[in-house]
Each structure stands twice: as structure tokens, then as C-alpha cells.
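Here we start with a single chain on its own, the form predicted alone, put down as C-alpha cells.
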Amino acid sequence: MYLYTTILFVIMVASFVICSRKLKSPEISMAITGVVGALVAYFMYLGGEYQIDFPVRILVEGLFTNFDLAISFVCASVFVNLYSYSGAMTAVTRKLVGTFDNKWILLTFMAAFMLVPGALTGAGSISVFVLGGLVATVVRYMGLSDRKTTAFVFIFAILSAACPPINLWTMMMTAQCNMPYVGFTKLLALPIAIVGIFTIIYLGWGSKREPKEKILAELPEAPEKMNMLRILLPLVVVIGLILLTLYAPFDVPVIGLPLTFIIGSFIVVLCNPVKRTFKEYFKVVNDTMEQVFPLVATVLSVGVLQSSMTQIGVKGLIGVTFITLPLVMLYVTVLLFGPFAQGCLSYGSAIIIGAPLVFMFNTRGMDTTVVCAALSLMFPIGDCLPPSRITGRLTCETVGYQGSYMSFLKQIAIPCALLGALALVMFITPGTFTFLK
């Protein structure tokens, strides 16, 4: 059985590599790899001791494995785009630029803005889509070069993906390991704050900002009647509902994240000072679906791959391999395997690499909540690595960076190394960080 499973694993790896090179799509490649593995296993074990379901069932079950995450992701993205469409972000940005002359304060606010969309959706690419261009405009006027501006947007995009309350890597690992998705807020927030502060100082040191009049002239105009009540009410409603479900779960009905963001979207529409038609709002929703489709496809294709690997035993093979590795070897290589798995499998890295590691650390009596948090800080680093390069490629396109991709990687290397180092310390000594749960 071990030999057969190893052969299946090699076939699936070969299938993924060939599909990635030919199709240039990690999402389709993962789905095809799952089907290929299931087909080969079906005919390999046909009539034997082990029975494998026909791939049609595996495909359908896999598509629904992470369906709840995909729905949450879509609804959150609709809320964020409607909020941006209302002009709230533009109004806040213009107010900040007009009020503060200090470069560091403005860079800090731009960093905080970048964290919001990803924290609410679980995807750093949404932060780039929604605010990347606006933030890049302000950051450039703070005196940062094009390369540093691109690095600024990228670093805070991946930090936003790891930022609570929604961290898709952690959610997928906890769902796979039957763990509650609780106790991650402080564990994730502290390293993100440290890396964020370091990135602002590292990239902003030595730059000189432009006059605020010049910045305001380049920024889009905000709606005239946009006030603080209209800006804050949608965010207060969404954050309030999320906090109620976390801290008063027995006193409020189970709403769920998708419905929470739908309610927030209706509040955004009511608070919009510019009366829009249904057709205009429908266009925003339609554009959002096109925008998030690749990421939704990633989450669903991960489910197909996960279901296939579970059925044919490859997932167990990977789990056993990791469990039997010496701890020293694991600690040395995890910062290499984690990000590169993210570059190849996107969110599938949480299932293929993350879940077996969580099981292994659980058998050793270590705190798996800290382990999950540490891994979910390592995986986003791979969003700049091939073959997918999801957030890295999108950031360069949105900001309009004309330099080489390698020069971009060199610029983000030190902040990414700091993030990886903090995650590795948490990974090696999880018991030290239990006070943050």
C-alpha cells in the first residue's frame, strides 16, 4: 500500500507540474491533478482489496469541501468593494492628508487602510484591488521610490491576508483538524504589528514628502455629503456583529460571516450620500465576482485536491512523512517548504502542509493554536513566489512598477525575512506564546 500511494503521489506531482507549465493556472492544475490521481487510483485498485470511489463523486464532494469559505470570501469582497465605491475610503484619505503633515503618521494610516480589506476577506489581493492604487499614490508623495512603494503595498497586502478576524489558512487548517477557530486574534496581531512598524520605518527612512496641496490635487474627489457617520456606521455594524458572535455566542442568533457582510453591504448602500441605481450597484457586484473569481476557484480547487488526496491515501502519506521527520530537520526546512507550497498550491498549502504538521504537534502535546498561527504567518510570504505569484504579480500591475520582478523581490526580502523569523520562533516554541490566546 505504501508503494502504491508513493506511485500515486509521484503521478500527481508530475500532473501538477505539467498542467502548471501548459495551462499557467494553479487553480485548474490543482483540480486536474485531483481528478488524475483519483482516476489512476480507481483503475489501480479496481477489483482489489481497497475500493476507491469513481472520480465524479470525489470531484463533487471536493467542490463543496471549502464552499462555506468561498461564500464568506465573496460576501466580504462585495462589502469591501461597495464600501470603496461609496467614496468612504477616498474621503478618509483626503481628510488625513489635509490634516497631518507628518510623513510617519500618513504612512501608518496608509498601512492600516491596507490591512482592512484583507482582514475582512482573508485575501491580500483584495486589499491590492480595492486600495492598492490609492495607497500607492499617497505613499509615492511621501517620497518613496517606485520600488519601495510597490514593496509597501505588497507587504501590507500579505499582512492583511494573515490579519484577524479572517485568516483563510488558519480557517482551513482548523476545519481540517476539527479545531475551534478561536484564540488567534492576539497571536496573529502581535507579529503583524511588529512587521508592519518595521516595514514603515525600513521603507520610509530618508524619504521626504511632497506638499499636501500637490497630493490633494492628485487624489480623487470625495462625495460632498460624506460625513463620519456615513463612513463609520457600516464598519461598526460589521465589526460589532463579528465581536458579538465571538464574545456573546449564547446571547445572539447564529448569523455567520456571509450574512454579516450582506447586512453590512445594505448599510453601505443606505449610507451612500450619492443615490445610485440598482443597475450601478449590480455592476459593482458583477465586477467583484470577476475580480474574486480566481481566488474562489483556488479555494474550490483546493477542496477537489484535498478530497482526492484523502480518498487515495496521498494525504496520509504526506502526513506520515512529516510526522517521521526529525524535529530539527522540520524546523530547518519549514520556512522553505511553507512559502514555496503557497506559491505552488496557494491556499492548498494549509491542507497539504499545514494540517499534517498540526496533527504531528498535537501528538507531541504542543499547543496547536500557536502552531496554526505560526504557519499562517509563513504561508503568505509565498504569494510572491512562482508559479502563481498571485499578490506579487497583482501588486506590480496595480502600482505600475516597471522594474524587474527580481528587484521587487530584493526590496521585500528583509520584511519577509522578519515575518518568517517571528513565525519560526512561534513554531519552535509554541508554549511561550500561549499567553496571547
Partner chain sequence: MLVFWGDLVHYLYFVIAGIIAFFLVKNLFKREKRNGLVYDIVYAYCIIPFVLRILFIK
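Residue numbers count along the first chain shown, from 1. Note that the coordinates shown come from a computational prediction; the quantities given were computed from them, not determined experimentally.
The same protein has a further form, the form predicted in complex with the partner chain, not shown here; the description that follows concerns it.
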Taking the partner chain as it sits in the model of the complex, is Y331 in contact with it (heavy atom to heavy atom, 4.5 Å or less)?
no
Give a yes/no on whether A31 approaches the partner chain to within 4.5 Å in the model of the complex, heavy atoms considered.
yes
Heavy atom to heavy atom, is E27 within 4.5 Å of the partner chain in the model of the complex?
yes
I'd like to know whether F282 contacts the partner chain in the model of the complex, with contact meaning heavy atoms within 4.5 angstroms.
yes
Of L106, C344, L257, L168, the only residue with a heavy atom within 4.5 Å of the partner chain in the model of the complex is L257
Just one of G183, P294, G316, P223 has a heavy atom within 4.5 angstroms of the partner chain in the model of the complex, so which one?
P294
Picking from 173-181, 259-267, 139-147, 86-94, which part of the chain touches the partner chain in the model of the complex when contact means heavy atoms within 4.5 Å?
259-267
Can you list, in sequence order, the residues from 223-256 that come within 4.5 Å of the partner chain in the model of the complex, counting heavy atoms only?
F250, D251, V252, P253, V254, I255, G256
